[in-house]
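Before any questions on how it binds or moves, here is one chain, the form predicted on its own, in structure tokens.
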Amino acid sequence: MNTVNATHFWPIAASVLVTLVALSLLLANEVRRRKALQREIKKLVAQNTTQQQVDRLTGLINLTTFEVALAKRAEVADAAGSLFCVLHVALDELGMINDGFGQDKTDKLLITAAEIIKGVASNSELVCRIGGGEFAMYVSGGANVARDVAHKLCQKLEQSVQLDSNLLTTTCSIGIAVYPEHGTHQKLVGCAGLAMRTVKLAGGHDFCVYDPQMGANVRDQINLLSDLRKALELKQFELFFQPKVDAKSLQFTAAEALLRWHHPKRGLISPALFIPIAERYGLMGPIGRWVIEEACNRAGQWKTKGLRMRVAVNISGFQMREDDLVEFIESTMQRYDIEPGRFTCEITESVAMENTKVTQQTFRKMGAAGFHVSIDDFGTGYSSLAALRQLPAAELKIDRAFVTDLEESEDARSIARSIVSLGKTLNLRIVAEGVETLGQCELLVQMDCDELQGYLFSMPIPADKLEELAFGVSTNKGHGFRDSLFMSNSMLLSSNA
């Protein structure tokens, strides 16, 4: 019996042993597989966490990671009794660049800007991209150190950036907040952002340190924006007109239409205050078209009464990028029987130098339509002779900054003479704005300017007052106006036939 049992036992034991070994091997393989899978999962989690912490376009950390780092810096600062700052950096007019050049070139600009900011930062690991064209950076030290960094950043970002065949000049607005003066580390980015937006509202291309009053100022701007949205509907806008005079005879020859806002509580508001808000929040389109319509309406009324005076209207950068701007102006002039040559489009030098397809196409259309095109604020931008030759311009306007200093500054006189010489070389008329003294007037006449404009001759006045001057309600008929502007009765009847 024992022999039989032994005979059966060993084969069974061997089979069990083989099975156990096989199971052990399978288990070992499963353990190894699971460990490998866990390592892969940990690797993927780590990679995903890193990706969530980093902006994909620029490679900078994101805002969440930046704020975690600020919390640690705040602990160190508290222990040492030291200061640090946060700079909120925003590229100016990024939306306009995106509209003009497309997303690909905008992305390249953002990558370049990120590299510049990292290069200026003392610790490039503490620079983040907040979103869009906005960045934040940590600066060790107080407000004075941060101002120096902000100044350097403004200079670096203002340098022209080569994007393929396009050379772009960018600017930025920077807000500065100081820890712990301006609150906890959680509030620093917000405070710096508020300071940055204050710079933006003032026109951009600058920096400032946060002040608690800024919150009230921003609220005021929001209220103004709310009122501005309703101003057209409530007919609160009015055009004033500032005459231009012939430099030799000092007789009125034309007038620039200037927008004014009759606010129900604030009174008469200058466009210098509300136009930047209108441009920033997309209101410039309807407001700009109202100005064109009203200017043509007034010119048409004067023409029916016998006064043919060229009217100038400021055209914004936003309007220059509208596909149908020229067609709108043409149809409006036809409706009020205004000749194209008696409508001046005043376009700032900075807008005129925009090398975008839409803007250049608008210029070509203006030239084909026969508009009188004026390059405004000339001398403050980066025009080249070659670029000016390509524009259908009829005149240059010397910026008032140079006119103001004519009597005291040889540099201003040299710049003014250079602009006059450049304009004459290109067969352009030269207009000087901001003329307020007889000394300025005499110098500009000596420089061979063609037309002058400023308080010395007239402040901007309502359309009715200009009409009274032209038709001699308070003075002799035509006093102060060039005779050729007035149509004879036969000419008037002929034009109305």
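Bear in mind that the values here come from a model prediction, so they are computed numbers and not experimental data. The numbering used is simple: start at 1 and walk along the sequence shown.
Unshown form predicted in complex with a small molecule; subsequent notes refer to it.
Highlighted residues 259, 275 and 460: every one comes within 4.5 Å of the small molecule in the model of the complex, counting any heavy atom. At a distance threshold of 4.5 angstroms between non-hydrogen atoms, residue 400 is in contact with the small molecule in the model of the complex. In the model of the complex, the small molecule lies farther than 4.5 Å from every heavy atom of residue 416. With a 4.5 Å cutoff on heavy atoms, residue 430 does not count as touching the small molecule in the model of the complex; it lies far away. Proximity of residue 316 to the small molecule in the model of the complex: non-hydrogen atoms within 4.5 Å are present.
The single contact residue among 448, 468, 442, 436, judged by any heavy atom lying within 4.5 Å of the small molecule in the model of the complex, is 436.
The single contact residue among 425, 270, 122, 217, judged by any heavy atom lying within 4.5 Å of the small molecule in the model of the complex, is 270. In plain terms, the part of the chain that comes close to the small molecule in the model of the complex, with a heavy atom within 4.5 Å, is 250 to 258 out of 250 to 258, 195 to 203, 111 to 119, 362 to 370.
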